[in-house]
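Have a look below at one chain only, the form predicted alone, in structure tokens format.
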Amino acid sequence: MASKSFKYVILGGGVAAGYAAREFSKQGVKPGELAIISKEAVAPYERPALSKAYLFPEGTARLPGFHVCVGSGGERLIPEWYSEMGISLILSTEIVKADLSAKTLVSAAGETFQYEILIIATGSTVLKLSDFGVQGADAKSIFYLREIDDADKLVEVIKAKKGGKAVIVGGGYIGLELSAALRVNNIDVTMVYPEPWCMPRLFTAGIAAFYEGYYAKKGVNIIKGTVAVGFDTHENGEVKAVKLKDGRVLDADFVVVGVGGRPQISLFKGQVEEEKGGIKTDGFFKTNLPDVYAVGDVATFPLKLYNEIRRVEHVDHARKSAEQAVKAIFASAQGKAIDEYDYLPYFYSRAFDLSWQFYGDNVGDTVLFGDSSPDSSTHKFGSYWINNGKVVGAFLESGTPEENKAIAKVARVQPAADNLEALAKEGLTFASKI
């Protein structure tokens, strides 16, 4: 097959690719210079919608409604936008070989793509129960959620199993958001996870107690401290029960698994430097190869605020790292300098009528403030993390836009806090004074 050549290639068609494309357009990329190569069949979209409004019975999200860059309040980049900008959107194309020294990518169909500058934006892939050798993990009616095709399968099963039973394996982001979405669809939900409380990578026991209590009130059955070790199936191969390590057996019409992800970097093994499970970059997302950049989930980068190297899996970082890399590419070509990436870690979630935001670092001592009772009518509460006498992280449930800005400022400024008891009493007032 004939090869195609581009000045710039973005490999991956997720959130980062879409935001990078917008920044290329802002920087004045010429028609024909840029291509996005994606194994997905659709133009870049805001992935968080898949675990939220895409599954709602009412007010449902569908493309083209959530193409990037609507997630940050920007223009929606529908497929026609890429054509108008002269950007080649090469979809349904899986790259199976990358030769970075020859600046060549080869697709599963044998197409060859050459580039001058490459942005790796391949994101993460889901961990599957079969990766852990779980018996029966290849049964029908076991679902994962990463791409729009996965979400479409979930929509189908929700309709087909109306009022049925679902088991959610995992108590992190996906587990919590999907449990809520399934309950809204009147599915009987049991959530199973091995940790002592939900979302343990971020939540303290105090924060988690609120969400577990609230979910229980909404009818979600929570089983902690055990894992799925096998599945029983009907004659047609569909799941009928989930076997737990503690001996319990749960009836299930379908199962959704959310046990984490893994950055997709295998194509580049031995060709770029790696660190902490990702591709090592500088503060401009340049790898050790001068014409290769890595952004989003796959990049391990200098987190200036904490003077350490980190990899961050979140949509906010995917957007901002993509924009930074493109700005750096153009600045370098023009002999200009831009500031290094100075990221404030940010995570958020929405489920039921809840909405939380977290900024900063979750290390050190913690204080819980506000009303964290699951029976509360306001749900407004939060937490601060205090390390070496400074507030380094802040979490808030049901905050107003102004209150969320205030806790973000606290995490960025890192004000002194010696008296934890006084800080807990002050609560949001402390943030509003910074």
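The numbering used is simple: start at 1 and walk along the sequence shown. Here the structure is a predicted model, which means the values were calculated and not measured.
Omitted here: the form predicted together with nicotinamide-adenine-dinucleotide. The next part is about that form.
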Report summary line: Drop nicotinamide-adenine-dinucleotide in from its pose in the predicted complex via a C-alpha superposition round the site, and with the 3-atom, 2.4 Å backbone or C-beta test the pocket comes out open
Query raised in the report: Quick check: do G172, P194 and V227 each get a heavy atom within 4.5 Å of nicotinamide-adenine-dinucleotide in the predicted complex?
Result: yes
Query raised in the report: Using 4.5 Å between non-hydrogen atoms, is E313 touching nicotinamide-adenine-dinucleotide in the predicted complex?
Result: yes
**Report entry** 4.5 angstroms heavy atom contact with nicotinamide-adenine-dinucleotide in the predicted complex for V189
**Finding:** no
Query raised in the report: Should F330 be counted as a contact of nicotinamide-adenine-dinucleotide in the predicted complex, where contact means heavy atoms within 4.5 Å?
Result: no
Report task. Give a yes/no on whether R76 approaches nicotinamide-adenine-dinucleotide to within 4.5 Å in the predicted complex, heavy atoms considered. Result -> no
Report summary line: Within 4.5 Å of nicotinamide-adenine-dinucleotide in the predicted complex, heavy atom basis, the matching stretch of 348-356, 248-256, 231-239, 301-309 is 348-356
Query raised in the report: Out of G283, G136, P200, G206, which one falls within 4.5 Å of nicotinamide-adenine-dinucleotide in the predicted complex, going by heavy atoms?
Result: P200
Query raised in the report: Using a 4.5 Å cut on heavy atoms, which of G213, G261, G164, G364 is close to nicotinamide-adenine-dinucleotide in the predicted complex?
Result: G261
